[in-house]
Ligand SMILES: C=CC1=C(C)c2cc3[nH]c(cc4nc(cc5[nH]c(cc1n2)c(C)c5CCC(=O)O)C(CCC(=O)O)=C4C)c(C)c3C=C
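For reference, the chain that follows is the form predicted on its own, supplied as structure tokens.
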């Protein structure tokens, strides 16, 4: 019997600093998030970050926390429930970090008689700190606790035409009847070394002005290429004029080089250059969360207004939008009988 395990990032159980500290500890100790030797990672995370950051992050979570709980969790549960109504096989939900573990999600499916699992990371683009850490952990859990099941993973879907159409239509609908000078595509940032580590050719990714546009096998696992490709495909779909849109990367941590340009500095630059009305969309996320609701919608807007900007429109993630639910349900229904296409 087949079943689906949707997997998103995760969230603290509450915005209390103790719960935030526990969550951040698990998240930041992941070797695919902070990819440095264990001794150095432990010293950095437990010796420095967890002594300062939990209070700051807890304050940010409190700003965006809903009565029902964490926005990311609530939205993901809504998505799961709506998909379940459109498919005939069990659909479970798990988080990579936090109390809604992948192990619990797999167990839930096994208890329903599932022995073929479609692992569905809710990330359009591949990254070692998102998709890869989910698939690696799921396989480790399968070997240790669920040896009688098989797991197939959904590949990155950043360039699938039906996804681009849904994303483009969402952006278009939220900008209808609005005068926008600039549309910014903001993606979650990663250290540059993650791009090089994910390069299966070991030579293509130079993070220069051309490697992401030059065809290569490396693109299958290149987060930067896939982000830029989403921007390009959506801009083409919406017939956006050159210079009226751009790409940036947010949420950097530490002092190592991260993907450029940075979102906060881009917002500031656009405002100083005279952009009065801008919109921002975050296509690395399918569910609104701390990074979209607080970092972008609140902090980003504040930066824009400080430099003279006027209207700052934050376009919601796809969340549990009907078209997105239909899209994922269609993919799942196809897999129920065959397999999802990878191109």
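Treat the numbers as computed from the prediction; the structure is a model and nothing was measured. Residue numbers count along the first chain shown, from 1.
Beyond the structure shown, there is the form predicted in complex with the named molecule, which is absent from this document and is the topic of what follows.
K.L.:
Report the residue, out of 297, 303, 45, 33, that has at least one non-hydrogen atom within 4.5 angstroms of the named molecule in the model of the complex.
P.N.:
Selected residue: 33.
K.L.:
Exactly one of 248, 130, 92, 226 has a non-hydrogen atom within 4.5 Å of the named molecule in the model of the complex; which residue is it?
P.N.:
Residue within 4.5 Å of the partner: 130.
K.L.:
Would residue 121 count as touching the named molecule in the model of the complex under a 4.5 Å heavy atom rule?
P.N.:
No, residue 121 stays farther than 4.5 Å from the named molecule in the model of the complex.
K.L.:
Using a 4.5 angstroms cut-off on non-hydrogen atoms, would residue 262 count as touching the named molecule in the model of the complex?
P.N.:
Close contact is absent here: in the model of the complex, residue 262 is far from the named molecule, nothing within 4.5 Å, heavy atoms only.
K.L.:
Looking in the model of the complex, any heavy atom of residue 175 within 4.5 Å of the named molecule?
P.N.:
Heavy-atom contact with the named molecule at 4.5 Å: absent for residue 175.
K.L.:
Classify residue 191 as contacting or not contacting the named molecule in the model of the complex by the rule of any non-hydrogen atom within 4.5 angstroms, answering yes or no.
P.N.:
Yes, residue 191 lies within 4.5 Å of the named molecule in the model of the complex.
K.L.:
Determine which one of 37-45, 311-319, 271-279, 51-59 lies within 4.5 Å of the named molecule in the model of the complex, judging by heavy atom distances; exactly one does.
P.N.:
Heavy-atom contact with the partner occurs in 51-59.
K.L.:
For 152-186: residues with a non-hydrogen atom within 4.5 angstroms of the named molecule in the model of the complex?
P.N.:
Residues within 4.5 Å: none.
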